[in-house]
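Listed next as structure tokens is one chain, alone, in the form predicted on its own.
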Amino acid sequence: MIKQEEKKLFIETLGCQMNDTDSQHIISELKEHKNYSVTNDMEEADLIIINTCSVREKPVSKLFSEIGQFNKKKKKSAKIGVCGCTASHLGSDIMKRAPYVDFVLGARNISKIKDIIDTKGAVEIDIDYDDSTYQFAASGMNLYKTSVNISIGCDKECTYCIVPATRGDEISIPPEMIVMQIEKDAKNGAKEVTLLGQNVNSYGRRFSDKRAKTNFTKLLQEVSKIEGIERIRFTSPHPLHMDDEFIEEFARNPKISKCIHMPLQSGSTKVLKAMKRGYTKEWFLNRAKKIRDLVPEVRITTDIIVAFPGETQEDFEDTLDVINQVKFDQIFNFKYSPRPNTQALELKDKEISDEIGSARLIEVIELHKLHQSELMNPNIGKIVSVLFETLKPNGEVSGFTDNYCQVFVKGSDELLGRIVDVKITSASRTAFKGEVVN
């Protein structure tokens, strides 16, 4: 058998952690089936791929700027492909705007990558395509951590969100496939796994093979049994589905990282209803309180959208009230951005001015900065367990605590992949510095 000549792949990933995992799948599939290896030098690449995000308008604008630059600098024979969510909703229009793009592959079609890279003009963007039982080649890109998709698509109808139009209806990946993949990664040295889905805690409602329903809590219990896995993370859960069973499992299971993402979006019940989020301000506060009561050391992170169409000053103050009550450890702040194929486009006559939206965004950011200092400084002097994963050029090694706060220490690559006790010596708003406890 004649071995294929090795080719070089350059891939740029925009957007969320699911996109990161999709990029790992692209890399592993092309390595396994097409003999590609990854390069960080775009100009030496034989294949250039941009894995895109369309949740916000800015990444979409960035896409065409990036591929224009890539086309100018790439070697003559190199191909350019566009994958991901923007590929799903723009499809062949990408080639009309950028004729030098060779193929377009939607977010729901990643398993087809090896089949289309050699077909000039290929467009695969079927959001009903089901690859939930497809066994991707192993990537082995991170020795200490792994991430696994537990579902594809989303059944929610949040009025601001384009994801259902780019990733399709929600289908859960069979639990035995999830467990098998994590077991393989654990045998290769992974100590931590992140379970990924648009809405992880609706896991198990629908499978391709029509099997009986299950739930996310049961999946967490199964993953906890895997030998070698010491930490389990997941993103993103939906506040509506944070029932007592789930919260109690989160609290009592020692393998589950004590960091939870609770996407608030708005503190106003009226705005939450317009967003079709399905919960109220009171429900969200109740769930956050229960989590903090059961897990005092928990870190709670969130997403907030300001200036959603129709948001009054009173609505915005409800958001500030929730921020003050919960005191989030991290907030991903956004000003509302109209997206194609979303119901919120019908609210155009209620859109908030850029000036007001920007002022509200700044107010959220400044309030959160005050809370960050309050939350971080009391940790100075504490001893925490850190999984080290990155060697920095300045002689430091960085890793994360169980509740997912970044820690830097002086050290060498001997620390990589180890969970080590560290005494915190100083704190910024977003990270700690410490010393290894011998």
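Numbers follow the displayed sequence, beginning with 1. Quick caveat: nothing in here was measured; it's all calculated off a predicted structure.
Below, we refer to the form predicted together with a small molecule, which is not included among the displayed structures.
In the predicted complex, the small molecule sits beyond 4.5 Å of every heavy atom of I150. In the predicted complex, at least one heavy atom of K335 sits within 4.5 Å of the small molecule.
In the predicted complex, the small molecule sits within 4.5 Å of a heavy atom belonging to I305. Although the partner is absent here, I232 sits far enough away that none of its heavy atoms falls within 4.5 Å of the small molecule in the predicted complex. Looking at 116-124, 156-164, 354-362, 70-78, the stretch with residues near the small molecule in the predicted complex, meaning non-hydrogen atoms within 4.5 angstroms, turns out to be 156-164.
Contact with the small molecule in the predicted complex, defined as a heavy atom within 4.5 Å, holds for exactly one of K258, R277, K281, R108, namely R277. Contact annotation: of the candidates V384, L47, I27, V55, the single residue with a non-hydrogen atom within 4.5 angstroms of the small molecule in the predicted complex is V55.
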